[in-house]
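The form predicted on its own is given below as one chain in structure tokens.
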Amino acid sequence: MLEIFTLTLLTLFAITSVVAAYLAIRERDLVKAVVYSAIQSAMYALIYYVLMAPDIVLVYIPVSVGLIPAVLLFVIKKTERYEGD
């Protein structure tokens, strides 16, 4: 029963990450794209956690969910928020 629950969680997190990646690619508002990218990274961190890799999670969360979106938002602030044609 625990294996089915674990596989269900992994599937849910994987599907959510794929949807977030698709939304990040299709979004014309760059700030929303960064948020979708952070959601995708958070889903990957949850997948690593379910797979019992806490050392990877402890590094992955601050870098991919915190540092990279912060740098991208800083760069977006220096340029234009919306992607042009």
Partner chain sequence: MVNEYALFAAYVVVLSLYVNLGIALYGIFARPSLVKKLIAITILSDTANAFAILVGYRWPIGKLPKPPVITELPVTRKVLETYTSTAVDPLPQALVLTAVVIGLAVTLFIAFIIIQYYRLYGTVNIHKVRRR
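Positions refer to the first chain, counted from 1. These figures come from a predicted structure and were not determined experimentally.
Omitted here: the form predicted in complex with the partner chain. The next part is about that form.
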{"item": "Touches the partner chain in the model of the complex: Ala33 (any heavy atom, 4.5 Å)", "value": "yes"}
{"item": "In the model of the complex, Leu46 touching the partner chain (heavy atom, 4.5 Å)", "value": "no"}
{"item": "Heavy atom within 4.5 Å of the partner chain in the model of the complex - qualifying residues of 30 to 54", "value": "Leu30, Ala33, Val34, Ser37, Gln40, Ser41, Tyr44, Tyr48, Val50, Leu51, Met52, Ala53, Pro54"}
